[in-house]
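Two forms, one protein chain; structure tokens for each follow separately as structure 1 and structure 2.
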Structure 1
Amino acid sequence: MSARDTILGKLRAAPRSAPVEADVAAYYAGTEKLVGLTALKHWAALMRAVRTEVLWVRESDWPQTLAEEVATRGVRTLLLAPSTAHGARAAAALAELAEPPLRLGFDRPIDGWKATLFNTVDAAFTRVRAGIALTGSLIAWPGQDEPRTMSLVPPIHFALFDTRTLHPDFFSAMSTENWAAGMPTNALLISGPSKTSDIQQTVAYGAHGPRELVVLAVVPDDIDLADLEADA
């Protein structure tokens, strides 16, 4: 008999336990939801608490902010997805810099250039799918244009986040977007740059992944940016 059959056989031979109810939807329907400005402020406070840089930007000017941040950090090689609309806008803004960084697209499988990716790329720019207010998280579904390693390997990750996609909590995100109908190869929640507390419980950032996470949080025009920082 195979290990599979033996294990399943043993489990099936065990007494059946009484059926148990676990209504996750009902539980989350009963929890208080963060909305509007409060949600956005809460999200930003939690992200900043884990050393994420949150920059409030408008749809019209985020490429400019990105370019400034790239320049400030002295990024020499940046990975982005020029085939996407946001990637193309970013590339154009970066080209305007006095000393523009080398802009690379992830246009071939990782296998041929792993070492280059690890050793020479300083930063990557990607768009995230959504955010979660309650826990201060970003949701990423890496794909063909923006593969998994873009938000992982380069020391700096610039993330473009449309704040209109902010969900109150993880359950709302998952159910509203109906994730159960089809998951991507890899879905991801990101809350801050990589960190560890493995040495005497002291937090240190940049353990393996990005040392810096910079979020360009695109705010709709009807929200006053000053309000976002008030009492923050």
Structure 2
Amino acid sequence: MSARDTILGKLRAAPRSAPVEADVAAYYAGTEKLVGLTALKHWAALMRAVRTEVLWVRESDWPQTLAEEVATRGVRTLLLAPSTAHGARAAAALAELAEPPLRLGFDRPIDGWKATLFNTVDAAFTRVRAGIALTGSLIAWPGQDEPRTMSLVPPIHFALFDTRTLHPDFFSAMSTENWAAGMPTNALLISGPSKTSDIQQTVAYGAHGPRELVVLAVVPDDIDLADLEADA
């Protein structure tokens, strides 16, 4: 018997046991949860620490805030999903600007307008699914109306975030929303604009995605916006 056969024989003869699965739910059940105003402040502080711009808005006025930000940044071409309710509201508000941007939808095969997308679209507006307080993250859930390309290619990403969907941690988000029932091909956690330090260890923004991330964080009416910035 060769040495190889001896080794393989010992391995095959070794007792086998099923791997022990970690009780993730029990672990997170014993961890402290950030909730309410504390959770929102913590989430915003972490996002701002990595150069994300967080704007507190109300459900009634976020389209006007978006329009103001688009005008301030000189956006000439903006990508959005006009077939969605939030996309239609955004388009209507942008149309009221003195110099409204050209509004494009992701409504045709990309091969026919790839050059336009990569060379002339200044920004994109999408809604995100939820947020995570513990890590200061947004959960993007691309779909047919708002594919991943929208939040990846244009230099500026305007993200609409309903803060009522802020979860304490990643496990809470996955379990509360029952992600196991159906995942998209590409779910994302976003905390800030794209950056890299690959070259000479110099931080550069926008190398692999948007260089600016602007979050329109929709706050319920029962929360005072001034309280969100107090002691921030």
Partner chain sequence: MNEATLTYYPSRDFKANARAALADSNLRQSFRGAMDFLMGKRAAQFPDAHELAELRKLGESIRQKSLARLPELLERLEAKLNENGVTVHWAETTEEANAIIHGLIAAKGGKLAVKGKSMVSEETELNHYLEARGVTAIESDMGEYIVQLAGEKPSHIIMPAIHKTRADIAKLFSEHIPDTPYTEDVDALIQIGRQALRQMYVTADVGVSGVNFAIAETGTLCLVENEGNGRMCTTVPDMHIAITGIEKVIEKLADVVPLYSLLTRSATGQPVTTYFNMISSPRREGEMDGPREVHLVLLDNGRSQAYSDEQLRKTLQCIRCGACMNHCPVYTRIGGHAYGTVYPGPIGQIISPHMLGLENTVDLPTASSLCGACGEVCPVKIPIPEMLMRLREESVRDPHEKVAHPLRGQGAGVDREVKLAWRLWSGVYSKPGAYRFFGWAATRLRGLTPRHQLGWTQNHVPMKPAPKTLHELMRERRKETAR
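Counting starts at 1 with the first residue of structure 1 and goes up one by one along its sequence. Just so we're clear, the structure is a prediction, and the values are computed from it rather than from any experiment. Here, rigid core means the biggest group of C-alpha atoms that superpose within 1.5 Å across both forms.
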**OP:** Decide which single structure shows the form predicted alone, answering 1 or 2.
**Re:** 2
Original post:
Once you line up the core, how about T31: does its CA shift reach 2 Å between structures 1 and 2?
Top reply: no
Original post:
D198: CA shift of at least 2 Å between structures 1 and 2 after core fit?
Top reply: yes
Subject >> Core-aligned CA displacement of G9 at least 2 Å between structures 1 and 2 >> reply: yes
Subject >> Rigid core fit between structures 1 and 2: Cα deviation of A18 in angstrom >> reply: 6.5
